[in-house]
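Just the one chain here, the form predicted alone, laid out as structure tokens.
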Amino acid sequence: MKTRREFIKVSTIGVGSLAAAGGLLSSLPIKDIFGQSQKVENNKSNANKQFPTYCEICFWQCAAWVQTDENGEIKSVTGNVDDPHCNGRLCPRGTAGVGMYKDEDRLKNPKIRTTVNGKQVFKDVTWEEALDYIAVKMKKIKVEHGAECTALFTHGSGGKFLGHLLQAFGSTNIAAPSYAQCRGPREVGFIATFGAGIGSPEPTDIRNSRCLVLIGSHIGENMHNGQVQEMSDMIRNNATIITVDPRFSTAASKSKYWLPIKPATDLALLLAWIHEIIYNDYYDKAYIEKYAHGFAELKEHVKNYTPEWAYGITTIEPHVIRETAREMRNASPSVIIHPGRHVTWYGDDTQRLRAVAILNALLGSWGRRGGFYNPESLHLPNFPAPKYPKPNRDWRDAFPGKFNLAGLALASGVCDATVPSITRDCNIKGWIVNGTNLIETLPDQANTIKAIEALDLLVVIDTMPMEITGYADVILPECTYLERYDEIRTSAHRFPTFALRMPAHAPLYDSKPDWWIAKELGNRLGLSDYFAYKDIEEMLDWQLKSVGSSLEEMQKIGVKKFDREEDNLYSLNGEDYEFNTNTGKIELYSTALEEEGFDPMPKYTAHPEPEAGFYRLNYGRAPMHTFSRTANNPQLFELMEENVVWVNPKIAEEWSLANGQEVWLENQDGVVTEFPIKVRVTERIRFDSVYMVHGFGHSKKQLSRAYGRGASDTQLVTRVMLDPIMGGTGMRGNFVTFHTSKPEKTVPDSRKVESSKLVKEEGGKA
């Protein structure tokens, strides 16, 4: 059945077929759907030079230098030795910025969806035409529904400028999937405990730690550059690493202890560790007495959470639980139970991360050397602009009384608020999507597509033709980070630093930077006062001069270090301190959660188990790829072309599966992967689980390298375990089985499933 917004797969449209098309687009020039090469002339005045940048391929944003060759072409990217994020060393992704820049599959021209002879196609247009079209649509939404009915989904630096545009327009519906789909539960859990979140990069003092506990945190495969380097220092210093994972990960191979836990039982292990720390007097008594609230209540709460109790749930033997608890005690306070990054698992994730925070508190690691340091950043003022208009409503109005502890907008919540409902004053009508492939990022693809089909406007701004571009009304080609200025990187670290990103080459083809897109669109929307600077160079220079630097200085040095305002890198060594909680203390017993009607202390709740013949789907990262964004990068593709599915030998024997054999995976709701995936038979995965790397199985043929390589785990995530506290979308409650040939029976395509199963976890409620 056709919809008014079809997924466009065609790559070209003939001149003859367009002759019949009328209206706004009938006179526009026709090219290949993703544009012809319009490469700018080499700028030889930039030959054999280096330009400062910071990486955009992952959130770590390592500062670097971009080198050019004798023709002024970008040649290589190397780390900046003055940057605490990378210390001059880049990971494979960081060096692959050149591949991103040179990828011939890049989006090259603006495009608008139109219909020719009853068929929906994309047509090349000028930037003026594309921006005029968007402005007309946004104004129409504002008049008919209100500015609040436009939303921004963003990932990366461009969100700064586009978010400014949207707030000036009158909407605060600005969401990054990295919150509800990744780190949100840990932020809420740690704020409920310490009154402060974790942030990015995480302020973990790994290089000085004597014991590092990784519970579902794949440092090394996640390739968090600074943490990987510090973990290497730990290993050289013979410090203890404890890895809890149903898979023998790279981190597990470097660990003193590997605990191959039964999936979905992590909270039981954490509670047993808390029991051991308290009832064996392993906790830091002076620290807890001075800084903590609710210790007596916590002690009573975990009385029965013994290692023997946990053994029956986790399959981790009691003596191992006790030994690892002693290892933590022996290292205290230089011990870190790592908070992880992608922590949306089972729906009780805020409470699970509360347990992680509580364990760190008991061991006295928060604010201590070898635990969590106190990060510091230096604020840059915003360029002068009028106050934002106050919206009449936002995404929260679609969920009255829910998710009050969520600190940022939920991408999944904005998506749900877009699906038509008669109970809401306004369903969101327009999306601007920048640098995030929502089809592969949000769980429950069917719901995402249902929301998209209800939109009046979908604008996609990206460097590559991802799956989301196939649903767009307007596609705007973003230039790569090596071709643009962006905001100054001011992320917090052990000491404040600034890092500059500047273009090493003019944008290739007809691509543009986000700051320019936001400013030009703002002008068309009557918001010129919010973009009063002539260009971004004027804005950056004004900001930098306000703190005693300048754009000229930063162009030469790339990274500028500042002294800390206070000597408080480790701030809790007996000094008086007031935490930003209701009690002013570390809250082992959370009054904030209690006020919202949730358990003030974590409780273990059992999660669904797979049916016979099904196995829990675990997914993760590879060090050379960033989600689904880099699968087509020519440099990174050479390092990893496709994902495989890890299968335990016992299960492989039962199914007669062999290494390298192709299988199709089917989940509990009958969804089958669009493409097959090869089997890897290995004892490094438990018998009740399978594992695959996220970000493969692309269905976009314009991704000439990545198309059809491996399988998409996102297609299989149709059961979402909703965290009732902050709305995080737990995605590890899905199970799969195998097909050794493509099923002949009719099975639902994930893009056509009418509804998925939403599992609301009640374990977190009081």
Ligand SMILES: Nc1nc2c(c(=O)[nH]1)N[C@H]1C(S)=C(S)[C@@H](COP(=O)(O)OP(=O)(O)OC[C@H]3O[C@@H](n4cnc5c(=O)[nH]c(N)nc54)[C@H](O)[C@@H]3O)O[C@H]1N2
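It should be emphasised that the depicted structure is a prediction, and the values quoted were computed from it without experimental measurement. In this text, residue numbers run from 1 along the sequence as written.
A second form of this protein, the form predicted together with the named molecule, is not displayed here; the remarks below concern that form.
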property	result
The named molecule contact in the model of the complex: Ala147, any heavy atom under 4.5 Å	no
The named molecule contact at Thr718 in the model of the complex, heavy atom, 4.5 Å	no
Partner proximity in the model of the complex: Glu587 to the named molecule, non-hydrogen atom cutoff 4.5 Å	no
The named molecule contact in the model of the complex: Tyr101, any heavy atom under 4.5 Å	no
Residues Ala292, Leu410 and Thr581 all lining the named molecule in the model of the complex, heavy atom within 4.5 Å	no
Single option in Met502, Ile174, Ala652, Cys182 placed near the named molecule in the model of the complex, where near means a heavy atom within 4.5 Å	Cys182
Partner-contacting position among Met231, Val414, Met466, Leu362 - heavy atom within 4.5 Å of the named molecule in the model of the complex	Met466
Listed range touching the named molecule, judged in the model of the complex by heavy atoms within 4.5 Å, from 367 to 375, 415 to 423, 335 to 343, 668 to 676	335 to 343
Stretch 447 to 461 - residues with a heavy atom within 4.5 Å of the named molecule in the model of the complex	Ile461
